[in-house]
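Heads up, the chain below is alone and in the form predicted alone; it's given as C-alpha cells.
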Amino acid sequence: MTEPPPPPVMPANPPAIVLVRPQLGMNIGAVARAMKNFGFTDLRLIQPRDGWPNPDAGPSAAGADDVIEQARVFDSVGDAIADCTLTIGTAMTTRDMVRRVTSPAGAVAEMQALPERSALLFGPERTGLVRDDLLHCHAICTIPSNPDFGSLNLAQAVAVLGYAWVIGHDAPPASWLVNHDGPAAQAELAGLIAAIEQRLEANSWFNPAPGLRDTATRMLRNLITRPGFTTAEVQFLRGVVRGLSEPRRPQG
C-alpha cells in the first residue's frame, strides 16, 4: 500500500494578515478560518465597518475562534504595520502608481527570506485597496485570475496567499546588497516622512491649490517607501532634514 504523503511543515514567522476597512463580520470570520488552515495567527483589522467584536464572525470562522479572539483593531494602516519591515498589498491594479508588482510566489519568496515581521494587506470588499492604502506597501501582489471576472472575496484571496506560503515557492531566493542590514520598520519611515512634511510646511512649500497638497504628500510617501531604506539610512536622512532646517552648532 502506498504511504500517504507527510503533512506539510508550516513555515516559521508567517506574515500578519491586515484587513483594511472590512465590511462584513461573516467575511472576517471566513478569513480567520482560511488563516488557520495555513498557519496564520496574527489578524489585524483597520476600522471594521460594523465594529469589533462582531458576532457574525464566529459562525463563519468555523473553529478558528482563537484567531478571532486574538484579532487586534487599529485606526490606520500606518499603526497596523508599524512593526513590519515588509508590507505587500493585494490588488488587481497599481492604481497608476510606480510600484513593484509580484505574484503570490514572489511575495512568499520575499517574506520567507526575512527574519523580521512582514504583513499582507487586503482591501475592503467593495473597492479593494485604494491609492492611499497602497502607498504604505513596498510591493503589490496580484493573483492571476480571469481578466473578465478577477475579483476574489477576502477569504479566497487570503487562502491563495496562504497556500503559496505553505507550499513554498519556485522563485530564486531574494538577493541582498553586501552589508545590507534589512529594511527599516514602517514606524521609522513614517517618522522620516512626518519630519520632511513638517519642514516643508514651515517653509510654505506646499501649493495651496485644491488637491495639490494631497498629490504632493502622496508622491513624497511613494518616494520614501519604495526603495527599502535601512534603519541607518532613515536615521541619516532625518539628520539631513534637520541639517537643512537647523544650522550646525560650532564645535568646541
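The first residue of the shown sequence is 1; numbering continues from there. Because the structure is predicted, anything quoted here is derived from the model rather than measured.
Note that the form predicted in complex with a further copy of the same chain isn't included here; everything after this is about it.
Contact with a further copy of the same chain in the model of the complex, judged by any heavy atom within 4.5 Å, is made by just one of Ala82, Ala105, Val73, Ala113: Ala105. Listed residues Ile196, Ala61, Ala184, Leu45 were compared with a further copy of the same chain in the model of the complex; Ala61 is the one with a heavy atom within 4.5 Å. Contact with a further copy of the same chain in the model of the complex, judged as any non-hydrogen atom within 4.5 angstroms, is confined among 49-57, 30-38, 186-194, 207-215 to 30-38. Although the partner is absent here, Ala109 lies well away from a further copy of the same chain in the model of the complex, with no heavy atom inside 4.5 Å. When a further copy of the same chain is considered in the model of the complex, Met10 lines it closely, a heavy atom lying within 4.5 Å. Among residues of the shown chain, Val160 is one whose heavy atoms approach a further copy of the same chain to within 4.5 Å in the model of the complex. Shown alone here, Leu86 lies farther than 4.5 Å from a further copy of the same chain in the model of the complex, counting heavy atoms only. Site residues Asn146, Gly150 and Gln156 are all in contact with a further copy of the same chain in the model of the complex, judged by any heavy atom within 4.5 Å.
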